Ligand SMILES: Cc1cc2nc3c(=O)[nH]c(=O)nc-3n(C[C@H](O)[C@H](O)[C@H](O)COP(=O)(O)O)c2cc1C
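What follows is one chain in structure tokens, specifically the form predicted alone.
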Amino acid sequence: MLSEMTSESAFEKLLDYWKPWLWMSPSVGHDWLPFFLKMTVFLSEKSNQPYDWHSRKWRNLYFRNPVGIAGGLDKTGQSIDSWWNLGAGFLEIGTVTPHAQKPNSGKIMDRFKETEALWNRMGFPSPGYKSVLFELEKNFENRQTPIFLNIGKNRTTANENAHEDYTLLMRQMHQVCDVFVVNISSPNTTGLRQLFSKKYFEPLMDKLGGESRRLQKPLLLKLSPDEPRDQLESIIHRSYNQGVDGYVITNTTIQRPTPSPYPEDGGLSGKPLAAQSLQTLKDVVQILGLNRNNKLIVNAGGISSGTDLRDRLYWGADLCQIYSSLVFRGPYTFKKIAHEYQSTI
């Protein structure tokens, strides 16, 4: 099926050259994303199925290809059909919170074309789980790829009670997703990363692991790229023993190059995150060693080409996710990465 992906239509060439979303502010471009995707699919050559290449199975799930969308790109599930038509091998929807909440106040996102970086301090903006549940119910029964659901707590929920938010989401939404992704690694909700501390982490993961087993839905833990090696080892060992089925590596980073053109607060993603994300992937694979035991490893951060994908798969990733590259390379990035990847092997 790859041969169908190598030719570019006139519309594809025009969109690649024009990239109208880059003429808008990042916030406006993000808000208009569902419209852009629908129009892109409407004006593109139709494909009724996601592209099959480097397919794999994990447990009872079939991944047509190893490239999906990262959490945070489609928070509401409004564009599920569009992602499938553009060639995504799996989807991660969210972050979803129990109750609706607005983004953090002030400036919440920016992009840097020179470095192909994105910066955000959104803080889990969400319409609440009921709205996302409605969108997923329309697509789940006839889904074309696995659907991951990224879950988070409301910012007003104290860390002592965080398990209530996460377990509520798992109970209410387990019938419309294939995998849960626990997000306690975002740098944009005050105090969220404290949930990795021993005080909170073990009780939280005990409850979530138990809920995962009861609902028979795999549970992945999304990791921060900013953890020191010894802390990362502790997180992996503790979560491994508490029933986590795999890891998403990584969230955005609070680290900045020197000198830095980026704001000091918030999380940075895109190409500046690539080295950190790759190193964290190597560290996690090394920590798991021979005890990997069918844990699913998903890598995200600075992946924008077929060569990037090849490298991440070589170093132990089972699947990869993209976000920033869709902004800078455009909606046909899945197709481009597939063609580039095949050219490297």
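Small disclaimer: the values here were computed from a predicted structure and weren't measured. Throughout, we count residues from 1 along the sequence that is shown.
We do not show the form predicted in complex with this ligand, though everything after this point is about it.
Chemist: Can T252 be called a contact residue for this ligand in the predicted complex at 4.5 Å between heavy atoms?
Modeler: T252: yes, in contact with this ligand in the predicted complex.
Chemist: At 4.5 Å between heavy atoms, is H163 in contact with this ligand in the predicted complex?
Modeler: Outside the cut-off, so no.
Chemist: Evaluate L15 for contact with this ligand in the predicted complex, applying a 4.5 angstroms cut-off between non-hydrogen atoms, and reply yes or no.
Modeler: No - in the predicted complex, heavy atoms of L15 and this ligand never come within 4.5 Å of each other.
Chemist: Since only the chain is shown here, I'm wondering whether G71 would be in contact with this ligand in the predicted complex (any heavy atom pair within 4.5 Å).
Modeler: It does: once this ligand is placed as it appears in the predicted complex, G71 has a heavy atom within 4.5 Å of it.
Chemist: Of P218, P98, G270, P146, which one comes within 4.5 Å of this ligand in the predicted complex, counting heavy atoms only?
Modeler: Comparing distances to this ligand in the predicted complex, the residue within 4.5 Å is G270.
Chemist: Quick one: which of 279-287, 301-309, 55-63, 33-41 gets within 4.5 Å of this ligand in the predicted complex, going by heavy atoms?
Modeler: In short, 301-309.
Chemist: What residues in 160-185 sit within 4.5 Å of this ligand in the predicted complex, counting heavy atoms only?
Modeler: Result: N183 alone.
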